[in-house]
Each structure stands twice: as C-alpha cells, then as structure tokens.
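Presented below, as structure tokens, is a lone chain in the form predicted alone.
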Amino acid sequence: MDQFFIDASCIKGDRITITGPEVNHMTNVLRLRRGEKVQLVEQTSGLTYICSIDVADAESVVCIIDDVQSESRELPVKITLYQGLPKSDKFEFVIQKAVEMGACRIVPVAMKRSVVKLSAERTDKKLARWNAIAASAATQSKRGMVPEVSAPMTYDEAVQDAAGCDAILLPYELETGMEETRRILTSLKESQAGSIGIFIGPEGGFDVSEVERAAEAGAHIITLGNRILRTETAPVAILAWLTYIFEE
C-alpha cells in the first residue's frame, strides 16, 4: 500500500483531498485509480488514515477514510545525526538510510577533514534536494514523520546544538573496549534517554581535537568494533544498534 504525507487541512469529514505536486506522482507515476487503497499520514497528530481513492484527476485526488490508526512507527528516542560532510553521493546515501533507520534529524557538519566545501548558493540547492530525499525515504519506509535535513553547521555549532540532547555518542576508530560501549548504550535505555545526538566523521575521520572537544561537552566516545567503517556505513551501524536497544 503506497503511503503519502498530508496536512491536517486536507481532511474534511470522512474525506481527504490531496492537491499539488503529489497528484501527478499518484496519478501519472504510480497510476493509482478509483478504488485503490492508500495510506495517508498526518504528521502533527501522528494519525495514519487508511483510505480508498474515490476521485483521481489532474487537479486532485479525493480519498474516503476507511480506518484511522494511531500506533506510531517511530522510535521512542529522538535521534539527531551530525554527519561530517562527505561527498554528495555519499551524503545522499546517508540521508536515505538514516531516515529508514529512524533518525529524526540529520545535520551536515563541516569538520577539519571534510573534503567538500559548500557555498551559500550551493547550500540552498543542496538543502532542497536533501530534504526531498528524506521525504522520499520517509514515504518508502512508512515513517510517521518526515525527518528534517538541517542547514550545514560548523563543528562548534554542532557541538553546541547537540548540548540539547540527553546524550551524545561519538564512534571513534581509535577507541577500544566493546564491553564499555555496550554498557553505555544499555545505560541510555535504562535512563530512558529521550534524545540522542550521534557524531560521525567524514571520509578522513575525526581530527583528535574534535574528539577532545566532544568529550569536553559530555559525549560518550565509543567503538563500533575492530573494523574501520566508511563514513556512510558508520551511521547505519550505530542506528541499527540503537534500534535493537530502544525499539519496543
């Protein structure tokens, strides 16, 4: 069943009317027709509407509400990924997979070893594309919300931003001690952490000064194992671990 995100204003009684660019996607790309079922998610309330298409034309798609579900597909912890800015194709992969794995927010961070440098003009164009990728991934994975890809930050800005989280994790290739990492991750569940910030280095990894800066801000420096993971693999690994620990 295909899923789409809607605004509360689309809902009138037992009908939901969809307009705008999504109509073309529904009618011309997916070729949805009268009688077919769709899943419509209203992000503010978190409600999911199971609907049957009643009218589908060039201007709008009108759906009849068959059922309303309140069960959330979201993790019980809000995760923000602070990703050291990698090359464009790698970051797009990270966005897609982080959204699929449950991250609520993704922040590109300019770190000392980041190869990519973005101008203000390029950033605006990239942001639109990055958020479109996040929306597509949220739809595909049937998330209850569309995670935001924020504007790029400096490393210091990201550390300050992460201070609002209940806990900060920084996987570091030179860190050892898997048992201690297990203890830290388990303690986050036991303490009922409501939000976690995760820092991932770019292709060249973290500069030592960046690890020290994060530790001074209270970050837990952890290991992801004895193997060195690529910048696009590391966030998938840590998000999978957190899903295993927190998913109910």
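Quick note: we count residues from 1 along the sequence shown, nothing fancier. Bear in mind the structure is a predicted one, so any value in this text is a computation, not a measurement.
Note that the form predicted in complex with another copy of the chain isn't included here; everything after this is about it.
Participant: Taking 4.5 angstroms as the cut-off for heavy atoms, does N226 touch another copy of the chain in the predicted bound form?
Facilitator: Yes, N226 lies within 4.5 Å of another copy of the chain in the predicted bound form.
Participant: For I50, is any heavy atom within 4.5 Å of another copy of the chain in the predicted bound form, or not?
Facilitator: Contact check for I50: no, nothing within 4.5 Å of another copy of the chain in the predicted bound form.
Participant: Does another copy of the chain come within 4.5 Å of any heavy atom of F93 in the predicted bound form?
Facilitator: F93: contacts another copy of the chain in the predicted bound form.
Participant: Considering only heavy atoms, tell me if R230 and another copy of the chain come within 4.5 Å of each other in the predicted bound form.
Facilitator: Yes, R230 lies within 4.5 Å of another copy of the chain in the predicted bound form.
Participant: Looking at 164-172, 69-77, 110-118, 149-157, which stretch has residues with any non-hydrogen atom within 4.5 Å of another copy of the chain in the predicted bound form?
Facilitator: Looking at the partner contacts, the answer comes out as 69-77.
Participant: Can we say K142, A237 and T243 each have a non-hydrogen atom within 4.5 Å of another copy of the chain in the predicted bound form?
Facilitator: Yes.
Participant: Which residue, M101, L127, C104, A135, is the contact with another copy of the chain in the predicted bound form, using a 4.5 Å heavy atom cutoff?
Facilitator: Here the answer is residue option M101.
Participant: Under a 4.5 angstroms heavy atom criterion, identify the one residue in V38, A193, L185, I65 near another copy of the chain in the predicted bound form.
Facilitator: Contact with another copy of the chain in the predicted bound form is made by L185 alone.
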